[in-house]
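As a starting point, one isolated chain is supplied in structure tokens, in the form predicted alone.
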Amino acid sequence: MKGRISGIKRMEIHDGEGLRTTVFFKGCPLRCLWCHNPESLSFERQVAYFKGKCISCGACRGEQSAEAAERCPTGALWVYGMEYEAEALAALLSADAPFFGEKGGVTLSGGECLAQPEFAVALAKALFDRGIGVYIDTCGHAKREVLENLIPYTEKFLYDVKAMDEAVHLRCTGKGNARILENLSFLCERGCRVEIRYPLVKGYNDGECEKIAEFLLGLKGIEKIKVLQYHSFAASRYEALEMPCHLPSEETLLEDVERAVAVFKSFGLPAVNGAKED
């Protein structure tokens, strides 16, 4: 079983508890206007050119290809979309196990890891069989059966809730949210551990806090709501990939995040400022 991966990041502290290794899957069904992983949107392999790293050494011979990227000494050319067999990748990731401790493990992220469902399940199972804890970082836009197949091998779901208003969700992500909310309810009904991720973007979904809080009040198993501070750090990757950049120009401030956290807490929900916690 092969899958396409845009990158692997080790010693990560932002994608779940403890020290983790995060695997970024290639491809995503959503097109969030604020996406900070543009290299993971397409399912196809891509070569990025970071011109600021280029020293004009000629090693690439004027090409922007995977072969040229292998010859680039500075990383000015970078390939996103390497293919792995599930067992081979699990074996590679298991080498990080000594660093995980009691709480750490591997987080499958993206893009959207559930958009490569068979590979996600195979990799999660292979890691589980090696005694490595698996977190699934998902937008929730997937078939119910994919979640059902993953539950036995998943320690916790990190679940994005971007908006409750369907029109807002559609405008900001290109998709409706009915399936996403239904899947979240399903996970909670099944007794799964769930951490909500709410990316707060001023002028886009910052008016959704109370609606999200009201929805989450009716669910069991929500361990935490992490409000994430939007930033535009990914702009250079859009440029390197020659992709249109629609990142909002206004940054989310820490005080904006604190206000959102206060709203959730006023409903008695366990909310935290993601920027401070990270």
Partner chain sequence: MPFLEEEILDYIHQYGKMASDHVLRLDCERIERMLDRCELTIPKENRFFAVPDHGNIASRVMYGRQDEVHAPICASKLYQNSKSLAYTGACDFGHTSAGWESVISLGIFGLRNRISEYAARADEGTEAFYDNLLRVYDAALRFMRRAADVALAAGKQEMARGLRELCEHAPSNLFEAMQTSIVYYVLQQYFDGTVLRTLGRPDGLFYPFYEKADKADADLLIADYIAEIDRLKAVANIPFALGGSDENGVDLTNALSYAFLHAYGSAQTQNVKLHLLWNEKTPHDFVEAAFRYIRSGNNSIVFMSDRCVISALEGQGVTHRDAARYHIVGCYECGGDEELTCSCNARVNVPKALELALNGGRDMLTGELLGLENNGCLDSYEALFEEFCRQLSYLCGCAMELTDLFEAEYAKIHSAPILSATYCSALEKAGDLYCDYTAKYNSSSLNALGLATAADSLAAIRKAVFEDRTVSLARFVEILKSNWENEEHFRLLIKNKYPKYGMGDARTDAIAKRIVDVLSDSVRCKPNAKGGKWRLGLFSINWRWAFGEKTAASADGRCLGEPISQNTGASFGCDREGATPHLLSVASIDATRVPNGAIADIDLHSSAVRGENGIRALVSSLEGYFSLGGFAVHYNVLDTETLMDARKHPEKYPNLQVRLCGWNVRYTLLSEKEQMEFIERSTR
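Please read these numbers as outputs of a predicted model, since none were measured by experiment. Residue numbers count along the first chain shown, from 1. The term rigid core refers to the most C-alpha atoms you can superpose between the two forms while keeping them within 1.5 Å.
This next part talks about the form predicted in complex with its partner chain, which is not shown.
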Heavy atom of Asp256 within 4.5 Å of its partner chain in the model of the complex: no
Contact flag, Met1 vs its partner chain in the model of the complex, heavy atom cut 4.5 Å: no
Any non-hydrogen atom of His14 within 4.5 angstroms of its partner chain in the model of the complex: yes
Interface membership of His231, its partner chain in the model of the complex, 4.5 Å heavy atom rule: yes
In the model of the complex, the residue from Glu214, Glu63, Glu242, Glu251 that sits within 4.5 Å of its partner chain by heavy atoms: Glu251
Contacting member of Arg45, Lys220, His246, His36, with respect to its partner chain in the model of the complex [4.5 Å, heavy atom]: His36
Which of 188-196, 121-129, 204-212, 74-82 sits within 4.5 Å of its partner chain in the model of the complex, heavy atom basis: 74-82
Partner contacts in the model of the complex for 53-84 (non-hydrogen atom within 4.5 angstroms of its partner chain): Lys53, Ile55, Cys57, Ala59, Ala69, Glu70, Arg71, Cys72, Pro73, Thr74, Gly75
Displaced residue check between the shown form and the other one: Ala59, CA, 2 Å or over, core reference: yes
